Every structure is written in C-alpha cells, then in structure tokens.
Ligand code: KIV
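Shown below, as structure tokens, is a lone chain in the form predicted alone; questions about how it binds or moves come after it.
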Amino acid sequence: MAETKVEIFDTTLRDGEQTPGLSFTLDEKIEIAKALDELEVDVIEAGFPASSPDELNAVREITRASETATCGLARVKRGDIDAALESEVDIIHLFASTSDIQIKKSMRMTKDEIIERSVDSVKAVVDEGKYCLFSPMDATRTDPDYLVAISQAVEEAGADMINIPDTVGVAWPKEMEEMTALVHENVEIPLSVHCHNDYGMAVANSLASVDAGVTQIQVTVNGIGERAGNAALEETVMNVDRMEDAYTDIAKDHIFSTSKLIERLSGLQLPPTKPVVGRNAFSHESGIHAAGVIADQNTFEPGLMNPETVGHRRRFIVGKHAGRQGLTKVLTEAGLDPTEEEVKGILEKVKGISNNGKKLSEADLYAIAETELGKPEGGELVDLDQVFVMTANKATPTATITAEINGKTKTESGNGVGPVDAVFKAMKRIIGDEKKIEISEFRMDAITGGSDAVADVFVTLEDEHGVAAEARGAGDDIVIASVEALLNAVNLLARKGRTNGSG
C-alpha cells in the first residue's frame, strides 16, 4: 500500500492564542509564522479576521510575511467572509454549530436553516475563487445522520475539504475513527480533524482518524489552546511518522526550536516530562539507563526518535540514581577529565547529598568535582564585581552590572519587567557576542519560613546551539540569589560550550 501524506494544519496563531490570558503581539505572530514556515507546516491558520480590525490587519500581515498557505476563520456570515477576503488569506475556514445543544443555545436556528446558511456561505467563498474548508462544529456530539447531511450539502455547494472537530474533547479514539469513516464514506472531498484535549485524547483521536482516511490534522505547537488545549503538533507528527502507511513533510529537526519559541513567547512553561520537547524527554539519571544509552541509544530511547531527530539534546542527570558512566559523561561535557577513582569519589559524595533530599544542580556537581579534581583550565567567562538594582518609586526596574569578561572589565545596564528580568538583560549585555543565552527555566523555593525566608533559586540557561546548563543560588535576598544562580549558569554554559565546540 502506498504511503499517504498527512497535512499538518497549524492553528497556533488562532486556536492556540485562545489560551486563557494569552495574547501575541503582531511582531510575535510574524516571528511564529516564519518559524512555522521553517517547520514546513502545510497550512497556517492565521486568525479570525472578523473578530476585530486589529485581528484582520494581523492576519493580512502574517499572510504577506509567510511563505506557507494561510487560512482565516469565518462564521457562516457574509460579514465574516468579507473580512477573511480582505485579509488576503489563501483558505477560508467556515464553521457552523451542528450539535443539538449548540444549535439550541448558540446558533438559535433550525437544522435546515443551518444547512441553507452553510451552503450559501460555501458558494460565496467559492465564487470569490478561494479554497473553502468547512467545519460542522461540535461534530462528535452531532447526530450522525445530520453530520452526513450537512457534509454532503457543503460538498455539493463546492467546499474543498470538510473538517471534523471534536470541539469539547469528548470522543474516544474508536468513536473518532468511526465518525470520520462515516463521513469519508459519504463524501468524496478530503477530510481534516480538529481535536481538543479535555480528556487527554487529542493526539490519539487525531491518529485514529488517519486510520479512517483523514488526510489533514489540525494542531498547535505545544498543544496550547482553549481549556486543556489541542492536539500537540510535536506529538502528532512524531506518531504519524511511525505509522506504516502515512507520513508528513514536517522538518522535524525544527520541532524543538519551534516549541521553545512558543514556550518563550506564550509564557506557558512546559512540564519537564512533556513528550518529544520536554526538558526530560531525552534525559537519563538511572545508572542502568545511562550506561545503556551511552552504549546504544536504542536501549532506553524510542528507536525511531532520538533527540537529534527533533533538534533536541540528550542529557545525563546526576542524582541518587546515577551511575559511573553517566557521571563521567556529565563531567566530560563540563570540561573535566576524571579518572575512574575520582569518579568513584565524586559519585559517593553526590549520592550522599542526594539521599538527604537535596536536589543538585549541574553547578553544584561541578563544585563537588572541584574539590576532587581542581578547576579546569580556561577560567570563568564572567567574574562578577558588583550589581546595582533600582526598583524605587514605581520606576521601571533597572540593573547595572560591573564584571570582568574574558579579563576585560565591562559595565552594562538593563531594564526589565522586574528586578530579576532586569539583571538578566544586563547580564546578556555584559556577555554580548560571547554567548547567546535564554532562560529556559526559573524556579524559586523557600528554604525557611517567614518574611525573612532564605530563597533557593534554580536557573536553567540555553545557548543558541541548544546546550543547557542548570545552576542555583541561595540567600535571603531573592535578587542576589538570582544573580548568583545566573552567574553560575552562565559560566557553566561557557565551559560546556567550549567542550562541545559550540562557543
């Protein structure tokens, strides 16, 4: 059997932006669209042009800036269609509610009236020479006979594709497969699916639909979207990739970088255990696992997916479960060259500290290793002299840092939304072209109680090559603890970069 291409329709900029509290700026939307171009998605749903003049303008600017086919959402109303046309999109995505509850509470029309309105709207789009995608909204709660009837009516009116949405995420994979198969048997035009993740079934439901003949899946990067979100692009693509008779044209090595871009611009931090793109997706602590992966990555990683496939990196974590081979790998990446006896001594100390419940950062590990091995050649990238932070009188927080970088003294300032952000901006200026850094994780825990609590700050930095370094700082001054953590992470990242040849 010949393989079937499954198109990836990305709705990060439309449904993804409907995540509660999320709003991308126009510049951010264009940056995301260009990242989706590089990812080689098949369609970018740029927005809902009729929702506001600003949205219409944004959709138009995205369409002009993007190399990918763009889509605009529209209700079955002439005004919505006109707005979509004005936005210059390539595809107009019409939708009308078809479930009994939404017809009664939202549409306030009869079923016949909805079909008539839908048919007229499809004809209007087709008459304008645009590709028409039609969605019977809340399809999985729609009477099957009515779903077939409206699908056949819009096909006859000229629709190019029908999308089957699991709007409130209630379907089981078997139900989704049967429903899409039913529509597929009764229409000739191609089908798409749009699955929400309320019960955690969005990806599974999307894949089940492919088995029923669906050739397009609607997704969002990192699975963002209303309520519990949508089918995640990264998980969907990597699962289609391992189906026997289906494939996508996604540039998979751009998946991780696109995920990190959405994480940064949305402010929605991914859990470390997020499949494919999470920080721990290719991380190993267990001595048995680490030793196995070092010998052959297929021992404890999916055979068809490795970190390089999706642009990620493999990490070996040192903690209470660590073994000698994993520890040796981590120390080597930090620029150290321990003997077997030295590794044994360091591992004993690490396990002793971890068994007492303390979480070790990479910088902590390096400090422990220093006592056994001494500092490696090359010194620190940044040697801090002083930090001054001003936040008084509701002024924009400003930080000024004086430090030696590669032996030269520099003073730089930065403004931020808070004092820690200001310090980070100043540190980026201090480093300049020496290293491109971004904070991928910032976490603070109170070690003691009360208003004078001692804070434990953990920072994870990543450079432009995806190399990551984690460090910590502690103290009763949150800003100073953050500076300490940031400085430790910067210097560790520089050492790892020198070892990996990336800086």
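The first residue of the sequence shown is number 1, and the count goes up from there. The structure displayed is predicted, hence computed values, not measured ones.
Heads up, the form predicted in complex with 3-methyl-2-oxobutanoic acid (KIV) isn't pictured, but that's what we're talking about next.
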Answer among 148 to 156, 92 to 100, 240 to 248, 425 to 433 for heavy atoms within 4.5 Å of 3-methyl-2-oxobutanoic acid (KIV) in the predicted bound form: the stretch 92 to 100
Of 220, 163, 259, 197, the only residue with a heavy atom within 4.5 Å of 3-methyl-2-oxobutanoic acid (KIV) in the predicted bound form is 163
Checked 137, 268, 182, 109 for heavy atoms within 4.5 Å of 3-methyl-2-oxobutanoic acid (KIV) in the predicted bound form; positive is 137
My question is simply whether residue 14 lines the interface with 3-methyl-2-oxobutanoic acid (KIV) in the predicted bound form - judged by any non-hydrogen atom within 4.5 Å. yes
I'd like to know if residue 121 sits close to 3-methyl-2-oxobutanoic acid (KIV) in the predicted bound form, meaning any non-hydrogen atom pair within 4.5 angstroms. no
| said: Just checking whether residue 210 would be counted as a contact of 3-methyl-2-oxobutanoic acid (KIV) in the predicted bound form - the rule being heavy atoms within 4.5 angstroms. | reply: no
Can you tell me if residue 142 lies within 4.5 angstroms of 3-methyl-2-oxobutanoic acid (KIV) in the predicted bound form, counting non-hydrogen atoms only? no
Checked 46 to 72 against 3-methyl-2-oxobutanoic acid (KIV) in the predicted bound form; residues with a heavy atom within 4.5 Å, sequence order, are none
